[in-house]
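Below you'll find only one chain, the form predicted on its own, shown as structure tokens.
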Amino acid sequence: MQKKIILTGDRPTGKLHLGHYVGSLQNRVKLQNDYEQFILIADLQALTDNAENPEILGKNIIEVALDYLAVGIDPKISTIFLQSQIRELTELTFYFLNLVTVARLQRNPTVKTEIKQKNFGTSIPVGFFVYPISQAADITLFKANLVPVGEDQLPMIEQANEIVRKFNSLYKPVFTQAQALVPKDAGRLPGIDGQAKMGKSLGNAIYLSDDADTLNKKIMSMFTDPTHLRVEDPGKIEGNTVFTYLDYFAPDKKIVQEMKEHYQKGGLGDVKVKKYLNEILQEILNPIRERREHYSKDLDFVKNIIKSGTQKAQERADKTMQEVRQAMKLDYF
């Protein structure tokens, strides 16, 4: 039987963090043996933030690839490739632009949230505004069945499937509707400052590559309960970032529940809870840091992984675009 296809990826705007790990990276590692997995480094979409400084993308591409390898993505069975090197993605995006209205893009919740976060106001770059269409091209060109994402990306998958239905109805059934794959036991991981989203631009992220000392300092600065001023005071666990992280990462849920009860009635200090979280996260991130250090010593090897993966992706893109041009009657010669 032919394996089902996964398409996923990240914009190379910097190193990846725990939010990426929870939202998508874990699933990619778990599923790579059972699916044909394409992992896209979306450097074209990253230009929406770095159009005036494109030279930083080269460094960030390597950083993202190192994080992929560090978490356990195997380049022998997962195809890591560069968006900008697959010209068919740009071509397909252009075709899809005619299938989506401005009003529909404005209603996309993910786009609305990011526009607000970036303080664009009315000066929204067109490239940024239409990146849901570019993302739809990424998914459909490889006929992905599954797309591992965080909850905040669900509107993007919905919009991609709308485009698929429109194209297949208007021209010819070429594309497959994708299913979003969201971790069952985790929503969006908040930033260490308690904000709803962990993000590079927000300065509230724990990076997969953070050394032990940096990780400890970030955990010790985490937002808890601002009214919990003394150890003996009762504390709140709702909105308490440390307990949110423990709910996800702690292997022993019984210990976490006991800590919650103790914290709520008073007598348990924030430092003790944070130290427990630090022990857990250090254990999780230490092997990731070690693998990253190993791969970082041979960057030519990392670059060759990206190059060979891009060549494999190109073969698949060529095949799909032949079908697209034929369906749209653009195969003139």
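All residue numbers are counted from 1 along the displayed sequence. Predicted, not measured: the structure shown is a model, and the values here were computed from it.
There is another form of the same protein, the form predicted together with ligand TRP; it is not shown, and what comes next is about it.
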Q: Considering ligand TRP in the predicted bound form, find the one stretch among 54 to 62, 281 to 289, 298 to 306, 41 to 49 with heavy atoms no farther than 4.5 Å from it.
A: 41 to 49
Q. Looking at 149, 208, 222, 130, which is the one with a non-hydrogen atom within 4.5 Å of ligand TRP in the predicted bound form?
A. 149
Q.
Can you pick out, from 153, 241, 93, 78, the residue that has a heavy atom within 4.5 Å of ligand TRP in the predicted bound form?
A. 153
**Q.** Contact label in the predicted bound form: residue 11 to ligand TRP, heavy atom within 4.5 Å
**A.** yes
Q. According to a 4.5 angstroms non-hydrogen atom cut-off, is residue 246 in contact with ligand TRP in the predicted bound form?
A. no
Q) Any chance residue 141 has a heavy atom within 4.5 Å of ligand TRP in the predicted bound form? A) no
